[in-house]
Ligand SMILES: C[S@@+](CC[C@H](N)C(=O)[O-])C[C@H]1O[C@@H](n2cnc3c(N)ncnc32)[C@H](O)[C@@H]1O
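Next up: a single chain in structure tokens, the form predicted alone.
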């Protein structure tokens, strides 16, 4: 089944999200409908993020890594995910092995603030901090403070990215894109806007 799934995605054939999600543990699948990038959106996002072979793409708040896996199957780029949930990181790396793309899609547990963003050519942001606002591990004020801090960090990192850096957002990232990035195109995909931004100055 995994080989057929990989072949279908590489060929650009339509694949149902429910079928793709079977690659993940059942304990993770409940998040799919709300927090995971739909497969058709991931395919288009990967086209926008990595038009040139050899580039490095970072998915910020990668969860179980769906866009990175699709990107590794359909592009010549290398895909990386950073995520704070250890269970999702394990699920993502295991899925990469099962799909045969662990050499070009890898995921790590950690904090995006501690990463060197300068080594990446492109970034994917699917409203990565939304779960902070809905979590129950902190009170509402603490959650809001963490949310704002994360959004501001992304703004700072992108404002200082190299010229030519590509950013794709789906449902935004919680804040305004820095003025150093230009909106190149925006298209409606499913229930959200998929937008490509390029650092032009």
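Positions refer to the first chain, counted from 1. Computed from a prediction, not measured in an experiment: that's the story for all the values here.
Separately, the form predicted in complex with this ligand exists; it is not shown, and the next lines address it.
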Exercise. Let me know the one among 43, 150, 165, 169 whose heavy atoms come within 4.5 Å of this ligand in the predicted complex, would you?
Key: 150
Practice problem: Quick one: from 76, 87, 131, 94, grab the residue that has a heavy atom within 4.5 Å of this ligand in the predicted complex. | Solution: 131
Quiz item: So in the predicted complex, does residue 35 come within 4.5 Å of this ligand, heavy atom to heavy atom?
Solution: yes
Quiz prompt | is_contact(residue 99, this ligand) in the predicted complex, heavy atom dist at most 4.5 Å | solution = no
Exercise. Find out whether any non-hydrogen atom of residue 61 is located within 4.5 angstroms of this ligand in the predicted complex, and reply yes or no.
Key: yes
Quiz prompt | 4.5 Å heavy atom contact, residue 121 to this ligand in the predicted complex | solution = no
Quiz prompt | Non-hydrogen atom within 4.5 angstroms of this ligand in the predicted complex for each of 158, 173 and 180 | solution = no
Self-check item: Interface residues of 86 to 120 toward this ligand, as seen in the predicted complex [heavy atoms, 4.5 Å]
Solution: 88, 110, 111, 112
